[in-house]
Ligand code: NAP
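In the block that follows, a single chain appears as structure tokens, in the form predicted alone.
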């Protein structure tokens, strides 16, 4: 199937383009971006122009920042195209619900992707926890925004989500592996005095679940989730790439693909069946944090 990639930035070039190139299901037929290009692929700077000029492209994958994404997704759906959304699927829950309603009315597929759910050991963790009683779960998610989003001020502008840009990856794993849902009860959000979104967050959920996110962390990243159960402790390391149960390292499933190849496999299946997958539970937790969170001002952040 021919697909257009909209928003040719770091994540598109690092993950989407190689995954599409390696897939037997997809042909990257066009891009839409103000500046970014992919060698050998027809490039547009205007979404409407691409949709008009390339009616043969059935699917659009949106890698834009969350704030402008709704308008692009709505235009694609109105043109009868299937749409794949990079995480988070929108800047607000209302936008996401509106897109789902539009997709159903248009009879096209819509996919809110959560790439961290496709990490090597996430499915195995979910299977192990399915019949366990969870006593505690703690997320420790620390990285350096300067490394992962160098100079990208949109992350700290309204709608950019700040530390929840990486933190939502942890929440996407949490909402997949827990046997029962939880909800937020309180939060502490640390806002640099010169920024509009938080750089750190402490979250407390029901049923012994908690999280700490830090986007100003120096040194090696920590992307860990520890779950204490009636049968011992399970820990996911490296964003779900590794799993340890009661001190023993667990092996990954044979033949497992990477996160983004698995997402594009799922998108191909959704298009084939006309399905919609718009699980918004990770974004709901983020929205709750902004509604309930205590705001704490911390020193300014600069690149």
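No experiment lies behind these values; they were computed from the predicted model shown. Residue numbers count along the first chain shown, from 1.
As for the form predicted in complex with the ligand, it is not shown, yet the points below apply to it.
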property	result
Heavy atom within 4.5 Å of the ligand in the predicted bound form - the one residue of 149, 81, 117, 142 that qualifies	149
Among 149 to 157, 132 to 140, 171 to 179, 93 to 101, the region lying within 4.5 Å of the ligand in the predicted bound form by heavy atom distance	149 to 157
Triple contact flag 220, 224 and 239 to the ligand in the predicted bound form, non-hydrogen atom at 4.5 angstroms	no
Partner proximity in the predicted bound form: residue 261 to the ligand, non-hydrogen atom cutoff 4.5 Å	no
Residue 33, heavy atom within 4.5 angstroms of the ligand in the predicted bound form	yes
4.5 Å heavy atom contact, residue 280 and the ligand in the predicted bound form	no
Residue 198, heavy atom within 4.5 angstroms of the ligand in the predicted bound form	no
Within 4.5 Å of the ligand in the predicted bound form: residues from 45 to 72 (heavy atom criterion)	63, 64, 65, 66, 68, 69, 72
